[in-house]
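To begin, one chain is listed below as structure tokens, in the form predicted on its own.
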């Protein structure tokens, strides 16, 4: 329904938890092939299956990044708090629209069930940007026109007299099904071209006490406040600890990791999913992992205890 609404010209979002997301994954590939903008909110809970449905976890990061059969570009964000979620949703809609891609917002049960006081949202600084093509500038409309950026002109049906074709099979520039294998290769490359452009839009991780730090805690999503509190308290005990906190996770941002620092993962999952991404993309060595997967949220005391255990 969300893909159909987006195809028809409106902004569309759907929300679910892990099990529902698993059921919808085929639709993500459909959006990838048809290059239809889509935003999905995925509220993570302990899994597999129903798991602990009233508890929290960060176990779906790699699932979200790799969701969908085939190769195509997508975005994955993980807001830190309600204010961040407000702004991330706007960014997700704008970037999904601009790059005609799927944007996935990872929240979790902890964030969904928490109470926050927010004095004011910065409404005047935010803008919903539409990237639909102008029918007046198009004579021969090709929905999947091969371009240098991989981004083709997008019209919705009924917007003008132009015929808007859409095909879930491989297609030519007009949107008609094809088995031209040379064209197939060019269409795959077209869809993947958008990945590097998307990467250039991704915000770097937030740094805290990073420059002078010897040890760095790396985290993502809803754990930011707990991690930053732990940094303050660890430094108060004479340590030199900093933090890198990621809220935009795919594509991974362009970033340089100083080699003289020691890095520790802080994640609510058993396998250190962010660490696996960073090791694969940057060759980053992780000194230790502070992971929690009992269904309870990460807190300052748990993080401090884990750091002190690893750094002895």
Partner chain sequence: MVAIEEYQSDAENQWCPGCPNFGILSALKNALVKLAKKPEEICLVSGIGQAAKLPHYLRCNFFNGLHGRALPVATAIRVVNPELTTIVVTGDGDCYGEGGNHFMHTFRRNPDMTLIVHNNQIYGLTKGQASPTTELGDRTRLQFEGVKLAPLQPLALAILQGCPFVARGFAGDIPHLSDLFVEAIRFKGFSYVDVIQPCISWGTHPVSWYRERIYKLPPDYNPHQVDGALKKAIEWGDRIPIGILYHDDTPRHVFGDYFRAQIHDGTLTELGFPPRDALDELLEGFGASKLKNKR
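Keep in mind that what you see is a predicted model, and the values were worked out from it rather than measured. Residue numbers count along the first chain shown, from 1.
One more form of this protein exists, namely the form predicted in complex with its partner chain; it is left out here, but the text below deals with it.
Against its partner chain in the predicted complex, the set 65, 81 and 192 makes no contact: no member has a heavy atom within 4.5 Å. Of the candidates 206, 201, 209, 167, 167 is the one whose heavy atoms come within 4.5 Å of its partner chain in the predicted complex; the others do not. Partner proximity in the predicted complex, defined as non-hydrogen atoms within 4.5 angstroms of its partner chain, places exactly one of 258-266, 57-65, 32-40, 244-252 at the interface: 32-40. Taking the partner from the other structure, its partner chain in the predicted complex has no heavy atom within 4.5 Å of any heavy atom of residue 98.
The shortest heavy atom separation between residue 310 and its partner chain in the predicted complex exceeds 4.5 Å. Interface membership of residue 86, defined by any non-hydrogen atom within 4.5 Å of its partner chain in the predicted complex, is confirmed. Although the partner is absent here, residue 181 lies well away from its partner chain in the predicted complex, with no heavy atom inside 4.5 Å. The partner is not shown here, but in the predicted complex the stretch 141-165 reaches within 4.5 angstroms of its partner chain through a heavy atom at 156, 157, 158, 160, 161, 162, 163, 164, 165.
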